[in-house]
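Below you will find one chain, with nothing else, as structure tokens; this is the form predicted alone, and questions on how it binds or moves follow later.
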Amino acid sequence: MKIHKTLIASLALSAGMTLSAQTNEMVIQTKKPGAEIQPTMYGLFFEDINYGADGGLYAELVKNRSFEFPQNLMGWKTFGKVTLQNDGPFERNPHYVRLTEPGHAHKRTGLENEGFFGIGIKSGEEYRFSVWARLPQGGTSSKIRVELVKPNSMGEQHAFASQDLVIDSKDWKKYQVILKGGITEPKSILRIFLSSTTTVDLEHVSLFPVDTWKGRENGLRKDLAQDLADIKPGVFRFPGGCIVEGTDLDTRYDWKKTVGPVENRPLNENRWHYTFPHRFYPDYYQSYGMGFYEFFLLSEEIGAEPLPVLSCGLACQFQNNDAEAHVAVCDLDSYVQDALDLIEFANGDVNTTWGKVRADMGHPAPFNLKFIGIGNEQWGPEYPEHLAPFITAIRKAYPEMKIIGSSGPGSEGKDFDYLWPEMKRLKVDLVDEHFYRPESWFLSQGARYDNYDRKGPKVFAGEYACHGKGKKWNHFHAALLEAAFMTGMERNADIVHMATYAPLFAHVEGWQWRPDMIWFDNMSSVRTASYLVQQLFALNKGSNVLSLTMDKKNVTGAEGQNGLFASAVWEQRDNTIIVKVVNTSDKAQPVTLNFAGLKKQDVLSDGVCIKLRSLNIDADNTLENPTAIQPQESPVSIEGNILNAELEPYTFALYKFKKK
């Protein structure tokens, strides 16, 4: 019996397609590396939300240290004879307290500070107490006693660290003393006694761990800064999103107020303290102690390109519908000058006005700023109208500076569709896209960037996170879908040049928004599954994209692809091929990796597979169990150019092979 050749070919093709569908064969073209992956591809976005700065990354332990909160003694308790004064030595922080002998040998004058949800003290660690003080009524000296106090449930308290400090000048002077914690106590109180009969004035009362990040006196909390450094970020965006705009223009983030001597940086209202009535924190303000100098310094120390974002003269449009709440375009000159002055602060010679400010703060060398963002989540015709004069001025003064515009607060829709063409018209370099979306969105967006216009601006995915439907908290499934989406960004690295998850930090007792990448309390922090996903991508981003297809199609979770998402890259530095595969389905999936295009002399070494998975997709790492979900690494053997593997349900796998 003869079988027609066409039928044989058809049967063979059918069998091949069936086999391909069963094995999920992914073909990686190794012969010709594709688009270059930018060093800035995966980075970090910082905003002072969830007590991310004061009470968080900024290591200051005293709340309202300069008595400048609208309720001047918020965070403080006083006893004896304490009065508030307002003619202090610092122009922008004029308030201070006067401690006077109470008039009886058995009475005491002093004050206590509650810190941020308590003051976290670790046994054996040293803490630097400092204060500006003077003797206002003369005398040769006075004395204060500084204590760290442990409260307990019975109302009893005892000091577990104390030092005396002698004040010996009628002029304002900075004093300091080192306290050493004898116990570990997350809810300590700072107490100050007047220990003599001579009146004392106190201003800028401060307490820092001696062991800060890089040992800096006005430093950052070491464990939180290390969490950032360990991602090896390519870009660091600051100082935030909505706080850049402010609830109104008076409370926008003003970078010029955040540089210079820390004692003279004025208080700013944080728009997040009352944004959500159900998460209301009336004592949430910005001391500006961690200002633009500190942000630039941190960027340098963690190896990330700094990306400052400035106000474009529009207050938060979610909270301001009246045009009078914003700066008219004709009145933008000072805002535009702020942008030009910031570039000079970052890059200017020490003989320039703002370059000298930077140098005087301790950094004569420029910070080599390359990127600047103007505006956050603005929309409508008001935004391009406000953006245009910034672009004109920056292009004229600093033609090499890359300018980042915005596509508004959404990932699609009317505002998004309006702003992208406007950003192209204005010729910004990158467009900042934001998307906080549910699972269904992330599952449907694997091919989002496949058909973007390659001739226009590049993409900065500046704020994104999977917000589970009915599960708007950190859990593994959300992180898994973020990984799936990131394979699409990586495949399109020619158009996507930056991506940053948001928000970054959250204090477990002071959050306004979740999910977040790093959670912390006064003593420790925890890296969530979303953090681990970001870290795995950042540490394995490669130098060039490699083509990866299944049935000649990109692996985007589309129909017929069994819930799989994938991307591949080549790292030129060590000749490594890296493949990332995400199984979002609830079934194990066989996967075949076919490394095509290898030369006869090329050999793929036995490699490694790193898997991130959880049997409970609603679980995540917590402060109580910080390592519940961790990447697991194992060796894998490859025969020739084919790897056959099985991917468990709900698993992110990363395969690495060296080409010899």
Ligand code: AHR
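Counting begins at 1, following the sequence as shown. Just so you know, these numbers come straight off a predicted model, no measurement behind them.
The discussion below concerns the form predicted together with the named molecule, not included here.
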{"query": "Residue contact check: Tyr335 to the named molecule in the predicted bound form, 4.5 Å heavy atom", "finding": "no"}
{"query": "Heavy atom of Ile403 within 4.5 Å of the named molecule in the predicted bound form", "finding": "no"}
{"query": "Ile28: touches the named molecule in the predicted bound form, heavy atom cutoff 4.5 angstroms", "finding": "no"}
{"query": "The named molecule contact at Cys242 in the predicted bound form, heavy atom, 4.5 Å", "finding": "yes"}
{"query": "The named molecule: the contacting residue among Trp513, Tyr175, Trp441, Trp354 in the predicted bound form [heavy atom, 4.5 Å]", "finding": "Trp513"}
{"query": "Of His477, Arg448, His434, His507, the one that lies within 4.5 Å of the named molecule in the predicted bound form (heavy atoms)", "finding": "His434"}
{"query": "Per-stretch contact check against the named molecule in the predicted bound form, the hit in 373-381, 412-420, 324-332, 255-263 (non-hydrogen atom, 4.5 angstroms)", "finding": "373-381"}
{"query": "Partner contacts for 29-53, taking the named molecule in the predicted bound form and a 4.5 Å heavy atom cut-off", "finding": "Phe45, Glu47, Ile49"}
